[in-house]
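Next comes just one chain, in structure tokens: the form predicted on its own.
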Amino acid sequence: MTPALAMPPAGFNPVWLMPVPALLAALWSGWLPAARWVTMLAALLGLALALLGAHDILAGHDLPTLQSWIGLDALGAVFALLTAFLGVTASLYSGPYISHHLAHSDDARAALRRYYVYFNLFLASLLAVPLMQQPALAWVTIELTTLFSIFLVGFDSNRPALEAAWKYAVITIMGATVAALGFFLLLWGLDRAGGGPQTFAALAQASAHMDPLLRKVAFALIIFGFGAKIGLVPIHTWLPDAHSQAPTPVCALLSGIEVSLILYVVMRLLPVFISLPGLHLEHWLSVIGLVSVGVAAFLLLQVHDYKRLFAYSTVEHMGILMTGLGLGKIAAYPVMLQVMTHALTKSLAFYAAGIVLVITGTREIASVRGLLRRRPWTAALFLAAALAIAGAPPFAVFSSEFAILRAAAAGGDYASLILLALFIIIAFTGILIQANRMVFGEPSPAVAEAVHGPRGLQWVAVLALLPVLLLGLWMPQPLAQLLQAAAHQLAGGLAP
């Protein structure tokens, strides 16, 4: 008979092991001959486990919470799937990109080892966030994503990269400290309301018995503290620096999913604040979102670095999501659709930008002209990525942004409808103006002398493009069901 100590804990599910392959890959990454392949294998295993969890949820199988610490529901499964998929594409992109990036480095072996160790630790921490059922544990895993990504932002060890890493560290860790005070207040309020397991669900159930003033202060602390980490205006200034200086596969994870995972934690806490008298949660969310979209839209018109272009686009899209949350239950499904389309499209945008950087050696928009004449495949990928993230049909972001605008119209929030549509049009114009300058015209010296980058980068970008185009034309039924289930869960924390 198997000894009792060897039996898995009650309620154990293989999905709980989702971050483990990446953690093991971090240990193996010290051995360089295997680092690249172990990293890709770990990412694929993480995706397989995320798919298993989503399948069980759609099949109606119970995924019990393990010791009230970790669990998975429809809302978490959407973010887990996106994180795992982006982990796969980023790991595939990392191999040829980082090898080319370090080809002439004096300490290439040490830098490669350092990159793969931190990349896998970063991915493991990202995969852990959707599993956390306790706010305190969610806060810890969010901070782990920041800690490991700081080393990746400053990976190049030059002055711009180190400045970006320090700015990222100071602003986001200060924000996390402020948010932690809000978490402490909520857990203290839970204890005063009768106690119970310190989970998101328990907080939502006990919120009606908690001091309203305490909940208002907690909301202000959390939305300000995590707003800094999400990249909401006016505490967004670290984001374009960090997301432009990090290696391209890391940019895809930072902009594509890390900021969305922090917003996910905020989503889990919305049921605690929705019933607060006098707070008008939906108004706060809408105002914060519209300010972020508006500021980002005008910044997109004057940006000079194409990686910063896509970073400012992240500020815009986080603002769109906040505005969607402010629209209430009617926008729950469009918000979940926007989370998915932004994650997939933003990773594609950075992959395309990374190819341009590899072949030209510059991030300056003014130095890149006439890509179409000298590098037609790269130009086509970059233009497709720019159109997709700007929200042009038939790409997926168009569907989600249009759904949010339609929800605003259906809910009678015409002020949000008009302002959001105006800012989206301005952002669209800004992105397309910059992309047009880079793709068309006479080749600039940087483009005329462009080198041939690793062919594997283009194949990964094509792989990332496929779902962005496919989901703009057709939504698979299982994915639609998962998004509907997640939207139903999210709607519980939104205004009627």
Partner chain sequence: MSAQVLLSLNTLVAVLFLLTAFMLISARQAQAVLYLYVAQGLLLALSTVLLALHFHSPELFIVAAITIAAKPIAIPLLINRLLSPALRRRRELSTAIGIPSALTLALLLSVVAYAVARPLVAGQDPAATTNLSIGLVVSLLGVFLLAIRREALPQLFALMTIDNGVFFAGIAITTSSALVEFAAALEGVMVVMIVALLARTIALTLGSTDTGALDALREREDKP
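Just so we're clear, the structure is a prediction, and the values are computed from it rather than from any experiment. Positions refer to the first chain, counted from 1.
What follows is about the form predicted in complex with the partner chain, which we do not show.
Proximity to the partner chain in the predicted complex holds for none of F423, Q434 and Q458, with the criterion being a heavy atom within 4.5 Å. Note that among 318 to 326, 253 to 261, 357 to 365, 169 to 177, the stretch whose heavy atoms approach the partner chain to within 4.5 Å in the predicted complex is 169 to 177.
Listed residues D73, D305, E282, E143 were compared with the partner chain in the predicted complex; E143 is the one with a heavy atom within 4.5 Å. Between the partner chain and the residues L417, L162, L383, L102, the one pair within 4.5 Å by heavy atoms in the predicted complex involves L162. Though the partner is left out of this view, W188 does reach within 4.5 Å of the partner chain in the predicted complex, counting heavy atoms only.
Under a 4.5 angstroms non-hydrogen atom cutoff, the partner chain in the predicted complex has L181 among its neighbouring residues.
Although the partner is absent here, L301 is not a contact residue: none of its heavy atoms lies within 4.5 angstroms of the partner chain in the predicted complex. Although the partner is absent here, F151 is a contact residue: one of its heavy atoms lies within 4.5 angstroms of the partner chain in the predicted complex. Residues of 364 to 400 that come within 4.5 Å of the partner chain in the predicted complex, judged by any heavy atom, do not exist; none qualify.
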